[in-house]
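Take a look at this one chain, the form predicted alone, written out in structure tokens.
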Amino acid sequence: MTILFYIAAIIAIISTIMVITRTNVIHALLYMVVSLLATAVMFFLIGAPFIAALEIMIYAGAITVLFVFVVMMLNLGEEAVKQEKQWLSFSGWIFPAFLSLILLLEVIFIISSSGSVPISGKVIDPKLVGQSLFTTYLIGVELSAILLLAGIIGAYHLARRKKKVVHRFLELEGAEE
């Protein structure tokens, strides 16, 4: 099982490097999803299936959708729409799909080997996790929510179109001529 862990780790490292180096936001998001899926596989392999499920639901699902909404909110115009159609060609999906296929084959192998993954420690149900998140670790949850909100507001202000400001005296001079 350690070889499966190392394969998932290599996929996570490669896809994370691809996230950082891509200039296309949509391609970076695809690689980020692959990286998060690889991290979920690693959590599952070390005996933390609940954390793996949370990794997929919260990060690969909700946070990625949030990033897609921010990209859509920026709406850079008709030129951006044409460019996105070119970016969403089949060639842009080949490498992320290949990495995801490797991860899928790993998960199928893990599930079919039934019980060969050592799970140690006590079982903690989601209710206890929720209670600890909103009692013991409440400040961390609130700070991460504020950080995400600040990131969205910052992205909006950085990307918004600025109005052309004309001084009122210059505007009057131009009207007289």
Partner chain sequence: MYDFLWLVPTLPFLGFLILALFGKKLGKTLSAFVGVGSIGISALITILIGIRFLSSPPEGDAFVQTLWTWIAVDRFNVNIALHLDALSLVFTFVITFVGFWIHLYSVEYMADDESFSRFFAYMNLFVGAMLLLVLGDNLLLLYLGWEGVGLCSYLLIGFWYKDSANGYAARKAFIVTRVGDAAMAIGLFLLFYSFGTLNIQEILTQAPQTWSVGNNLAVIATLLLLGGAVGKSAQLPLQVWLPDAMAGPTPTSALIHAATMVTAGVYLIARMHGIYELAPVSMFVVAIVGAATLLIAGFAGLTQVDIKRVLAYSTISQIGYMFLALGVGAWSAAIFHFMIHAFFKALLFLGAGAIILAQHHEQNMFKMGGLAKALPVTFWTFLIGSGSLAALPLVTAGFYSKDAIIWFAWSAEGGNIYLWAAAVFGAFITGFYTFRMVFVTFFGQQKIDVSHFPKWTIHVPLIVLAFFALFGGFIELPGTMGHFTLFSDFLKSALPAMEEVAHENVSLEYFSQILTAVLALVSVYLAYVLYLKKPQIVTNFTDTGFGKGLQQFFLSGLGFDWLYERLFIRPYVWIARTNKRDFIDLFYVFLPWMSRQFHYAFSYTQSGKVRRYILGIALGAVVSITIVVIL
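In this text, rigid core is short for the largest set of C-alphas that superpose within 1.5 Å between two forms. Residue numbers count along the first chain shown, from 1. Because the structure is predicted, anything quoted here is derived from the model rather than measured.
The discussion below concerns the form predicted together with the partner chain, not included here.
Legend entry - Within 4.5 Å of the partner chain in the predicted bound form: residues from 91-106 (heavy atom criterion): Heavy-atom contacts within 4.5 Å come from F95, P96, L99, I102, L103, E106.
Legend entry - Large Cα shift (2 Å or above) at I108 between the shown form and the other one, core-fitted: It does, since the I108 C-alpha is displaced 2 Å or more between the shown form and the other one after the core fit.
Inset, instruction - Look at the CA atoms of L103 and I58: state whether they lie closer or farther apart in the predicted bound form than in this form, given a difference of 3 Å or more. - result: Relative to the shown form, the pair is farther apart.
Inset, instruction - Classify the change in Cα distance between I46 and P96 in the predicted bound form as closer or farther, relative to the shown form (magnitude of 3 Å or more). - result: It is farther: in the predicted bound form, the C-alpha atoms of I46 and P96 lie at least 3 Å more apart than they do here.
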